[in-house]
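Coming up is one lone chain in structure tokens, specifically the form predicted on its own.
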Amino acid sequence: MRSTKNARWVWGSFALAVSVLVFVVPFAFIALNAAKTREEAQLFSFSWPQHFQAWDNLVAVFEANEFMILRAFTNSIALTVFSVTILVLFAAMASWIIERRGGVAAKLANGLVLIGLMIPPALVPTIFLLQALGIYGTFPSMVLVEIAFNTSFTIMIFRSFISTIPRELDEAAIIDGAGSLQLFFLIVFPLLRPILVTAIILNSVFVFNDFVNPLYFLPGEGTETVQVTLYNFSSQYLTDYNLLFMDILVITIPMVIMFAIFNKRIVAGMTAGAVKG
């Protein structure tokens, strides 16, 4: 028994050390360099700033390109809210249909979901498709892209939870005269609250932190998202690393805070369907 406890302590300490090395050390490096002058930050040293100017760097980040970061935060929040709302609702309904109804159609849909998880998104064909529809570079097209690229993952986490909901609830509601929409929104959807919170938080982080998709699918002035603002301080010949690191801090801290607050709910939602899923 004692040897087992010692082994657990050793492995726990090892896991904690690895976590600190992988997550805390890089974050501390960014924070330290964000408070330095441009000359100090270009040295990329893990040291305390000789000239502490975190506030000046923060002001410079917000004032860059006529307060672009404020517009970018507005765009990112709007993109996240619209995309995640539609995505979660659509994925929940699709997961319920796939899980409850068998047959060839459900198997085909499940196969498409698995393909969507295994095959990376095709950027160029998607751009051609959006151009053919006449919506390329618009905010609604960016919402559709985020929904399409995250649907497979969201359906998978919903399905594992829906499989634990007894089918007798569906049958009882149908006997009482409930239609399909009433059955889903009045009976099934309220039961999805644990996994719903998880899906909302995870997808919000994915969409808010997305860099590649807005870069390719949402070009133009005034449509920037927070991740794209990193280009304000990086160019081919000159990079203000102190401002770049400060920008990274500004756009990272909100998601870190959200994860810290909802960490238990995320874990509970991800493991809720593990017994039967």
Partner chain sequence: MPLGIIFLGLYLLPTITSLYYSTQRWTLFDTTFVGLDNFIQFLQDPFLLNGVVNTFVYAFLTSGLKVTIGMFLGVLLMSNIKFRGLIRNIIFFPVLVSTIGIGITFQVLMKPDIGVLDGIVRLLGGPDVGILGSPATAIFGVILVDVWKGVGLATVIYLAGLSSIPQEYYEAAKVDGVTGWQNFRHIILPLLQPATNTVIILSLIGGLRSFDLIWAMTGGGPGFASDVLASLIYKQYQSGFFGLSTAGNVAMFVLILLLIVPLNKFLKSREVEV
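From a predicted model like this one, the values you see are computed outputs, not experimental measurements. Numbering follows the first chain given and starts at 1. For the two forms, the rigid core is made up of the largest set of C-alpha atoms that agree within 1.5 Å on superposition.
There is another form of this protein, the form predicted in complex with its partner chain, and it is not shown here; the text below is about that form.
The contact residue chosen from V81, A106, L130, I187 relative to its partner chain in the model of the complex is L130, the criterion being a non-hydrogen atom within 4.5 angstroms. Screening F67, F211, W55, W48 for any heavy atom within 4.5 Å of its partner chain in the model of the complex leaves a single hit, F211. Residue contact check for F29: one or more of its heavy atoms lie within 4.5 Å of its partner chain in the model of the complex. Under a 4.5 angstroms non-hydrogen atom cutoff, its partner chain in the model of the complex lacks T37 among its neighbouring residues. Interface membership of Y216, defined by any non-hydrogen atom within 4.5 Å of its partner chain in the model of the complex, is confirmed.
Interface residue remark: V59 is not counted as part of the site for its partner chain in the model of the complex, having no heavy atom within 4.5 Å.
Relative to its partner chain in the model of the complex, residues M93, A148 and S160 are all within 4.5 Å by at least one heavy atom. Along 16-38, residues L16, S19, V20, V22, F23, V24, P26, F27, F29, I30 each place a heavy atom within 4.5 Å of its partner chain in the model of the complex. Relative to the superposed core, I69 undergoes a Cα shift smaller than 2 Å between the shown form and the other one.
After superposing the rigid core, the C-alpha of N209 moves by less than 2 Å between the shown form and the other one. Annotation for the pair V212/F23: C-alpha atoms recede from each other in the model of the complex, by 3 Å or more compared with this form. Relative to this form, in the model of the complex the C-alpha atoms of V212 and V20 separate from one another by 3 angstroms or more.
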